[in-house]
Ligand code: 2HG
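Below you will find one chain, with nothing else, as C-alpha cells; this is the form predicted on its own, and questions on how it binds or moves follow later.
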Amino acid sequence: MRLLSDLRAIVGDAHLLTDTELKAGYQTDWTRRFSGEALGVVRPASVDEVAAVVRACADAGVAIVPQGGNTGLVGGSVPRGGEVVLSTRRLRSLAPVEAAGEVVAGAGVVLATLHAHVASAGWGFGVDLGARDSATIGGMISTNAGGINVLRHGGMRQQLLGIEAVLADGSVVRRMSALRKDNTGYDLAGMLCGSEGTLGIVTAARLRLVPPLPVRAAALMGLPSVEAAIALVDAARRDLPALLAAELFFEEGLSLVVEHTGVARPLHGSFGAYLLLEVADRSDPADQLLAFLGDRDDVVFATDVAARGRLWELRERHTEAIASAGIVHKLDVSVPPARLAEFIRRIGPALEAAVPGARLILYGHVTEANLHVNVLGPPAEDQAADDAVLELVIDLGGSISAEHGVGVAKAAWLERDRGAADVAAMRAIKRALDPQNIMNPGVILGHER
C-alpha cells in the first residue's frame, strides 16, 4: 500500500509497525472493552515527522488515532478498524526548568518523569494520578486529566501555558512563548485541551509549575456513612488550609484491594465509608491535621513516606484490583456536590434493576463530587450497566465525563449531557479544523451526520 511506504519513508522501518503481534499493545485499551485492527502503528520522533505523517494520511484519506501511554478508559485512543495509530511516545523532549516556574515538555513525556525532572529543580507539577508511570503529557492534555490534586491545583487545563500541535492538514500551530499576559485571539490551547485528538495532535506544551510541598501527612478514617464523610470533607476544606487531597472509597473496594494485593487491612471492622485525607505544605502540617481530627478512634495517621504510601496504596490499587476480577465497565462521572450522597444511595438499586447480580465498586475524588463507577459482571459489549449509570447522572444534573473523556464509550450520551446547541457548535469546530474527519473519527461526537 502506497501510504505504508510513505509512512515508512518518514519514520523509518523500525517505527512503522504492521506485524499483528507488534501492533497488539496499541490496539486494545486498558479496560479491554475497546479494540480494533490498525492499518499500522507509526511512531514519529519530532513535530516535523508528525506533520508529515498527518499530511500523508490526509492525502490517502485514512483516519488517524493519536495515542500516548494508552491508559485511556473510554475507547478513545485505540483504533476501531483500519485507522493509523500515531503513537506520541517518542516525543520525549524535556527542556530545563525555567526560573519563572515553567517547563516545555514533549507529548510523550511520562508524568512520573516530569515530576522527577521538575523536583530536581525545586518545583512541583500540580497534576498527579494513579497512572503516573505510564500516562503521557500529551494524552493528559487531550483528555484534560484531573487526578488526586485538583482540589489544590486544578486539572491539566489550569497547568497549560502554551501548546504545539499538528492539525488535520499537517499544519503546525505553536504558541509556546513565556508571556505572562497574552490576550490575542482565541485560546487554541484551551480548545485543544480536552479534545481527545479530534481537532489535532498535541506534540508539546509549556506547563505551569507549582511550589513544592515537601512535608506531608495523611489520615485514613472509617466513617459510618457517606454523609458523614462528605460533612467531614466540607469541614476540612474550610478548616485545613494545607488540604491537598480527599479520596473516598467503600468496603467492597477495600476488601478487593486487600484480597488482590495482600496488604494489611488498616482498620478493624467494616465501615460505611472510608476517607483518605492528605495535607501538604512547606512546613510540617501534621499538627494541623491532628488538631482537625481531634479524638477520633477509627483513624490511621501517617507522616513518613512509607506509611503514607501504604495508605495511598489502598486507594490507588483499586483500579488494578478491579481489573484482576474481570472485564470492567468503568464510568467516570460527577454530580452536583449537594447530590453526591443521593447518587451513591441510588446507584446500587438502579444498577441492580438494569443488570441483576452485577458487582458495583465506587471510589473517587470527593471534593469534586467525582466518582469512578466500576461494574463487574456484564459482558464487554453489554451497554445496560453504562446506560443505567449515565441515566442517573443526567437525572441528577451531573456530567457523564468528569476527567477520563468521552471517547467512543459515551459519545451517544453527549447531547443528553451538553444539549443540542453545544454539540452543534462542537461539530462546526470539528468540520472547520478537520473537514475530512480523519482526526480520531467517532470520538466525542460519534459518527458525523
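Note that this is a predicted model, so its numbers are computed, not measured. One-based numbering along the sequence shown.
This next part talks about the form predicted together with (2R)-2-hydroxypentanedioic acid (2HG), which is not shown.
Residues within 4.5 angstroms of (2R)-2-hydroxypentanedioic acid (2HG) in the predicted bound form, judged by any non-hydrogen atom, belong to 357 to 365 and to none of the other stretches in 183 to 191, 218 to 226, 272 to 280, 357 to 365. Contact with (2R)-2-hydroxypentanedioic acid (2HG) in the predicted bound form, judged by any heavy atom within 4.5 Å, is made by just one of 340, 84, 73, 314: 73. Checking 330, 117, 153, 208 against (2R)-2-hydroxypentanedioic acid (2HG) in the predicted bound form, a heavy atom within 4.5 Å turns up for just one residue: 330.
At a distance threshold of 4.5 angstroms between non-hydrogen atoms, residue 372 is in contact with (2R)-2-hydroxypentanedioic acid (2HG) in the predicted bound form.
With a 4.5 Å cutoff on heavy atoms, residue 319 counts as touching (2R)-2-hydroxypentanedioic acid (2HG) in the predicted bound form. In the predicted bound form, (2R)-2-hydroxypentanedioic acid (2HG) sits within 4.5 Å of a heavy atom of residue 404.
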